[in-house]
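Given next, in structure tokens, is a single chain: the form predicted on its own.
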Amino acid sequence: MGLLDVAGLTSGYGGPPVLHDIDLTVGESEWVTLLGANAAGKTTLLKTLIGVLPAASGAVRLNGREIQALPPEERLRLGLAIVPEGRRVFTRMTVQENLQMGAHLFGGGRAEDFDRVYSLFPRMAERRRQKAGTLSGGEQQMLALGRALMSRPRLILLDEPSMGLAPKLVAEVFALLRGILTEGVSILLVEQNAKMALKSSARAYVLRLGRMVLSGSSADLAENPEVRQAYLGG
């Protein structure tokens, strides 16, 4: 049993299912990557795990507890957080206010949580009074990660954190993720930068047309001819 266990999950948007019979596991302090082409169902899976979309069938367990019937805020309380695609920071709020929003279920943030985030992201400490909309794309991604950490998660779901970032900033974001991992927080990453994601993670899954078609260690999948052709440029 892992920290997150998904079994037989089927989900969609009210019409025909987008996801079909998905099985997936993320262990304690483990980084798992989810690869797939556009419209494979990756974001749908994250939305179902966090509770924004209801599942038609299947089970989702967090630390052994069935959470499929719980609303998003209860999943957050139990240690599941998400950094959505596009970062979605509150642009008219300051860095500090954005972080407070990440801890709104816990009274707006504890001093030790701010200290932890500012220690991990010193640039955010420097800009704590700056409006989020004035930050660079890389800084907004750091803020989105910090906001997720304010809820003291055990598992963070990340949707395309490198999207729109320059290569140097992508490397910086992945280094920050490795730092988060060493603090005992697990990661489930959806990412188009397959080379960087497979290099950084322990295990990976490949999703195609709503079905899991491959899984294994990231090192093994990086050598898989099908994965190399589809995601690593041959």
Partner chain sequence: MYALVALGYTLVYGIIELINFAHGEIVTFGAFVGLAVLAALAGTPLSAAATALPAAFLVSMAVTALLGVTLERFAYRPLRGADRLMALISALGASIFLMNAMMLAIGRDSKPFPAYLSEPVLQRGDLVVRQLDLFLIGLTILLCALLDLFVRRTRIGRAMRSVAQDQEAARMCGVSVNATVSITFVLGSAMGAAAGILNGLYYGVIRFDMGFLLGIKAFTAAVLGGIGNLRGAVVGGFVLGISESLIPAILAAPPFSVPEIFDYKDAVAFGILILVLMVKPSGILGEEVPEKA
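Positions refer to the first chain, counted from 1. Note that the structure is a prediction, hence the values are computed from the model and not measured. By rigid core we mean the largest C-alpha set that fits within 1.5 Å across both forms.
There is also a form predicted in complex with its partner chain; it is not shown, and the following applies to it.
Contact with its partner chain, judged by heavy atoms within 4.5 Å in the predicted bound form, is confined among 115-123, 160-168, 79-87, 134-142 to 79-87. Of the heavy atoms in residue 104, some are within 4.5 Å of its partner chain in the predicted bound form. Contact annotation for residue 130: none of its heavy atoms lies within 4.5 Å of its partner chain in the predicted bound form. Taking the partner from elsewhere, residue 58 is found to have every heavy atom lying beyond 4.5 Å of its partner chain in the predicted bound form. At a distance threshold of 4.5 angstroms between non-hydrogen atoms, residue 47 is in contact with its partner chain in the predicted bound form. Although its partner chain is not shown here, in the predicted bound form the stretch 80-100 places heavy atoms of 82, 84, 88, 90, 91, 92, 93, 97, 100 within 4.5 Å of it, in sequence order.
When the rigid core is held fixed, the Cα atom of residue 77 travels less than 2 angstroms between the shown form and the other one.
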